[in-house]
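Before any questions on binding or motion, here is one chain by itself as structure tokens, the form predicted alone.
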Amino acid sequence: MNKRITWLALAVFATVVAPCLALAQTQIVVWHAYRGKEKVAFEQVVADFNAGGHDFTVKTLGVPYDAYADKITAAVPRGKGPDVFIYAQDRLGGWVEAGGTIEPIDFYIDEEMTGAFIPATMEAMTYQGNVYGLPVNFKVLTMIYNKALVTTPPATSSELVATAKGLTDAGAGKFGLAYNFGDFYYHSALMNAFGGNVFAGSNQPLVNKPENIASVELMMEWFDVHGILPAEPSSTLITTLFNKGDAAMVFSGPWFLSEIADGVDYGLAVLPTIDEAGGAPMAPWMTVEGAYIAAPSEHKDEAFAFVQHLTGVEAGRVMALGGRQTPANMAVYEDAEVAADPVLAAFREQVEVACPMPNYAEMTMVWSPVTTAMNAVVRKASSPQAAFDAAQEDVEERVKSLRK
């Protein structure tokens, strides 16, 4: 009798329970580089998805940021990577052209779906007419100011210089403005205001165009003529100056907020317009964290289902309020709690004039030569024109090597 009961139980298990276990074993893996509050919020989004009754589950793996891009490039084409990975758009073109890493997702999307996102963030996910991912969050520079020193943040470059001059005493180590002006990423906001860029229409590099030179000349005027910027500003120096009340205004992104000391009353405002560029706004480069489906994934439908959830309104709300991130989905900012957050509102306003960082494969060839040029100009070892002419030659040689 006991044996019959045992065999009957095994039969029931085989016909009812076992198939359910087989379904539960379907799992997609997602790579990310989030830390701190961002990681906590992201894991909450994943937990919410896994609790939603899907016939598959999501497992996450955090990868150290410094090694992340190389790990994707090495592992994914060999089928050793995740089903989904989250990364900024600056490597998109390189991955597309190398092949084997990501594929277009145009099959899965329509205008209603893509229309939910801030338009520029979808532009960042597009390469040569095809969409390769959906935007999760964006990051841009904006103005961060000490309310004890600045009552009304300057709206124009003339007001910026006037305000900063009144708050600068270089001999005492006090400056009206502090940002890493010799860093090309930070300089991009001024460059874009002049209508400058690093490509001529498509993927042909043109770093020494007149608009770029004009932006560098104005930067040097702020530094050398008006003296409102500290020499050799590092991230550590800028943070220290701001926390001590020795820097009234900073151009930086959301990452800087976590470094502000308790007790410093700060505000955020959009970057000023540039009188010298016809009143055009400073337009920082926007980096967009996209969710991409790995080309070798054997679970692309499930992967896209998770990507949809990750880039949706509810997930965006969790990541905005819990992770202090700025989601790309526009409807997130209609949430009353999100809309009432001055930090999130400020970055949402700033992104309206931001420019997606170029995602061409050639962009990786630009950074080093232009950084060298910026350093030469700041050290007064070269004129802006001469430094950027040299950078142009260097970039062209590097691109030739890339194409070989």
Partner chain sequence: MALKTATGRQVLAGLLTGLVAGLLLTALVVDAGHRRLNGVAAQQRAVIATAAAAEALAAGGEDAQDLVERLVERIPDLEELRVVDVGSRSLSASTHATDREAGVPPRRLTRDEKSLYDQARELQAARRTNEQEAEARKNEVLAEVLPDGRLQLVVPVMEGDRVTGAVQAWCGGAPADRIGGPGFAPWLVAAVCIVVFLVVMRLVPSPRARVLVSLVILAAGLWFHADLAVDGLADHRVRLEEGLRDHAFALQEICAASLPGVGADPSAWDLDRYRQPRGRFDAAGELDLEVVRAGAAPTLRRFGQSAAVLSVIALVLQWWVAGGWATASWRALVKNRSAYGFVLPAMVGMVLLVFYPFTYGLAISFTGKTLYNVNEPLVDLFVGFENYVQILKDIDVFTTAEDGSRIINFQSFYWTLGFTILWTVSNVSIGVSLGLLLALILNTKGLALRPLYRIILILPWAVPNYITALIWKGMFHKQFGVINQIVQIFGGEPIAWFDAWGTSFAAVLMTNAWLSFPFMMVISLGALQSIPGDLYEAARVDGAGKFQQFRFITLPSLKPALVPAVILSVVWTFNMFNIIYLVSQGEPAGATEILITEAYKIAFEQYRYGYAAAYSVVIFMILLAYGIWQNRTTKATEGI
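Keep in mind the model is a prediction, meaning the values are calculated, not measured. Numbering follows the first chain given and starts at 1.
Separately, the form predicted together with the partner chain exists; it is not shown, and the next lines address it.
- When the partner chain is considered in the model of the complex, only one residue from G99, P119, G79, P210 comes within 4.5 Å through any heavy atom, namely G99.
- With the partner omitted here, the residue from P153, G322, G94, G312 that has a non-hydrogen atom within 4.5 angstroms of the partner chain in the model of the complex is G94.
- Listed stretches are 328-336, 135-143, 179-187, 229-237; the contact stretch with the partner chain in the model of the complex is 229-237, by a heavy atom cutoff of 4.5 Å.
- Contact check for T26: no non-hydrogen atom falls within 4.5 Å of the partner chain in the model of the complex.
- Contact check for V58: no non-hydrogen atom falls within 4.5 Å of the partner chain in the model of the complex.
- For G263, no non-hydrogen atom is located within 4.5 Å of the partner chain in the model of the complex, even though that partner is not displayed.
- The closest heavy atom approach of N130 to the partner chain in the model of the complex falls within 4.5 Å.
- Taking a 4.5 Å heavy atom cutoff to the partner chain in the model of the complex, none of the residues in 39-54 make contact.
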